[in-house]
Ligand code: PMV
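Next up: a single chain in structure tokens, the form predicted alone.
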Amino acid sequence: MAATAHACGKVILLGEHAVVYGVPALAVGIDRGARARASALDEGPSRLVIGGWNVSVRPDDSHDLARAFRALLDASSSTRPLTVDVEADLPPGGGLGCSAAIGVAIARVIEPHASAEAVQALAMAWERVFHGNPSGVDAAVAARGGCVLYRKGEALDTVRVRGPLQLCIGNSGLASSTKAMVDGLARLRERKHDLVERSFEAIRTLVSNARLAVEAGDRSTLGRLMDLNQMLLGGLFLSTPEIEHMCGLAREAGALGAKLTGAGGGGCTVALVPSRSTADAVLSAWRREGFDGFATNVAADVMAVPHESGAAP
């Protein structure tokens, strides 16, 4: 019998960019992510298939996905040849942790009895092929779900989520380079060090208060803090007219708060909504203006997320 597994996507609610300089970031796992199904082969080599991307690779192929697949297999205890079929509900390169979600889903399906920590370690072997020295927050959130406070160089701090958190994720349609945006902010910090540091300290305060709001189930306050974070990110030249327009549309449609998520300069916008009807209104407002998007919920932590059905191949 084939085994199946799921992994979460990731959204940064507050703290992106400042996190590079030691400020905490608040991140959540979302119920959209990646699914993997593994079937045993009579003979090797193993094969990775991502149907939606028209990708089918074997570990010795030259494709980056093949190298990542090989790295994950080499780090695992799996010895039988497998076919791993993957489906992803996230746009690649959109700042939503698509790569990590795929890596976690594959790790989970080939090591179905592994702990969250072991799955995360396997996924990091996959992630290093694409990102060199990733922070690990994407893989951790993909493996665990829930909400975490991330500080560079420190262990993740789990945040208790009280009550549901419903989000709308919108794609600006513009490509965004994380490296270019990080490098641009670094140059701004060199020229205007005091200004940028004051912004980082303000973001630190917002993240701290956002954690309290999440733990208290105070969505209205969380939304206002997201708006303030967006204002600061805009002041650091990380936003775009399209993102600002999407944020405005979301607020006019009833969102409690909206901001860019991830690198900025394009990519995705996240809006916190109080209900499914408001989510529908936000998505409709975006689509009328030519922006694509979807509604999602913050995924429960790993203890509450079923991640295995069937048996290991």
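A residue's number is simply how far along the shown sequence it sits, counting from 1. Keep in mind that this is a model prediction, so the values were computed, not measured.
There is another form of this protein, the form predicted together with this ligand, and it is not shown here; the text below is about that form.
In the predicted complex, this ligand sits beyond 4.5 Å of every heavy atom of Gly257. When this ligand is considered in the predicted complex, Val20 lines it closely, a heavy atom lying within 4.5 Å. Although the partner is absent here, Thr83 is not a contact residue: none of its heavy atoms lies within 4.5 angstroms of this ligand in the predicted complex.
Contact annotation for Val28: none of its heavy atoms lies within 4.5 Å of this ligand in the predicted complex.
The stretch from 259-267, 245-253, 283-291, 50-58 that comes within 4.5 Å of this ligand in the predicted complex, counting heavy atoms only, is 259-267.
The single contact residue among Thr178, Asn171, Ser76, Gln166, judged by any heavy atom lying within 4.5 Å of this ligand in the predicted complex, is Thr178. The contact with this ligand in the predicted complex, taken as any heavy atom within 4.5 Å, belongs to Val182 out of Leu188, Val182, Leu232, Val129. Scanning 86-108 for heavy atoms within 4.5 Å of this ligand in the predicted complex gives just one residue, Gly95.
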